[in-house]
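A single chain comes next, written as structure tokens; it is the form predicted on its own.
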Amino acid sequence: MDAREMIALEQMRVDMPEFRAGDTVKVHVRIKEGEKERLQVFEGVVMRRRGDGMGASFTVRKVSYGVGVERIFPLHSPIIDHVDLITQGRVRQGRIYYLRALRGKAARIKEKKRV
């Protein structure tokens, strides 16, 4: 293991819950406005997860005032305060881009039964 990998391991987050595409999450993001810092919640469906290690990221989609909004978050970023897993969705794909074309009730994802 070289020095670069050691530094990357030190900076990786271990407090992230296990989530995948189809899950609904609340991402608490640190927003800096001038001198002040506040938390803003971005709640939506995980569209995809990509990569592993320090380069990993995930895309979250929500509908705000009738407009679909997608945001890509680096998984190990310091701007993410924490991520709450709300529901686990039952999907069969790793990327659920088909959700972009669906509206209203058709855009719902079935919840995975908990055992």
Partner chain sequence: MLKGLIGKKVGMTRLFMEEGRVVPVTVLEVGPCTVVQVKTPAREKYSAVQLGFGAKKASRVNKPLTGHFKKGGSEPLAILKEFRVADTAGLAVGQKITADLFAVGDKVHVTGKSKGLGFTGVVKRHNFGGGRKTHGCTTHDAPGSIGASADPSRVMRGKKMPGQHGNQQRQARNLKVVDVRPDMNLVLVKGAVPGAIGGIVFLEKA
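The shown structure was predicted, so the numbers you read here are calculated from the model rather than taken from an experiment. Numbering follows the first chain given and starts at 1.
The protein also exists as the form predicted together with its partner chain; that form is not presented, and the subsequent description refers to it.
With the partner left out here, its partner chain still marks one of 85-93, 71-79, 58-66, 40-48 in the model of the complex; by a 4.5 Å heavy atom cut-off that stretch is 71-79.
When contacts are judged by a 4.5 Å heavy atom cut-off, Arg4 counts as touching its partner chain in the model of the complex.
Although the partner is absent here, Glu10 lies within 4.5 Å of its partner chain in the model of the complex, judged by heavy atoms.
Taking non-hydrogen atoms only, Val27 never approaches its partner chain to within 4.5 angstroms in the model of the complex. Contacts to its partner chain in the model of the complex (heavy atom within 4.5 Å) from stretch 40-54: Met54 only.
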